[in-house]
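Presented as structure tokens, the chain that follows is alone, the form predicted on its own.
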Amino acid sequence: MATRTHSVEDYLEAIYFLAFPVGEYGPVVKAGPAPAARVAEMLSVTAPTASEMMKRLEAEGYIERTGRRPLLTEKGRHEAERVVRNHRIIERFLTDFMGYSPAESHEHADAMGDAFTDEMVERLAERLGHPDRCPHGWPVDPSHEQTENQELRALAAVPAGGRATIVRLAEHDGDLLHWFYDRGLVPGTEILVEDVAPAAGELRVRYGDTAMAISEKAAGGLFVRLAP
């Protein structure tokens, strides 16, 4: 499969996730890569490629940069939120009307997003009954998402013995997203962290009749709400 060329909208979406952190999209650690490098990582592009697009976004007034850190301007935030909302509505259309699996819907929505005008997306939203969430649990309304972020954490941050409910799935890694669905790790699933093994980089979890070890990487992409 040919590598897809990422658009301005793709970059704004990636920066948006880093601007409103939750779980794997959270702040980088002190010794970690700069956010610009995280954008390159999320889009699977080289650092020079990401750097060139950052210059374009800055020139067009979408971001400001303090050092290597991209910050959304008011114009950039408005555009990023529009892109994110449209993407999630298109995902719902692909699953609810076209019969694609949730994991497939993300891949196709990425490729199709630029083909839909805002007016077309609004028609889709109306036909869908104005859904609250995309198939992966993310609120369609970005303001709701930003408020809800404060209530969630990555499963990787839940201690042994902790119980939680999966609310959202990280989307930017398509292979990992497929893995979540193949294992039944979907929004609404109640999960128990039986053991945490930092040295091995994994957690032992149980949900339903399934008990398994999952990597910290996978657990970092499962955003959960702790049980009371």
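Don't overthink the numbering: it's just position in the shown sequence, from 1. Since the model is a prediction, treat every value here as computed from it, not as a measurement.
Absent from the display: the form predicted together with a further copy of the same chain. The rest refers to it.
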I'd like to know if residue 112 sits close to a further copy of the same chain in the predicted bound form, meaning any non-hydrogen atom pair within 4.5 angstroms.
yes
Using a 4.5 Å heavy atom cut-off, state whether residue 71 contacts a further copy of the same chain in the predicted bound form.
no
Evaluate residue 138 for contact with a further copy of the same chain in the predicted bound form, applying a 4.5 angstroms cut-off between non-hydrogen atoms, and reply yes or no.
no
4.5 Å heavy atom contact, residue 89 and a further copy of the same chain in the predicted bound form:
no
In the predicted bound form, the one of 82, 123, 144, 75 near a further copy of the same chain [non-hydrogen atom within 4.5 angstroms]:
123
For the stretch 81-101, I need every residue with any heavy atom inside 4.5 Å of a further copy of the same chain in the predicted bound form, listed N to C.
93, 94, 97, 98, 99, 100
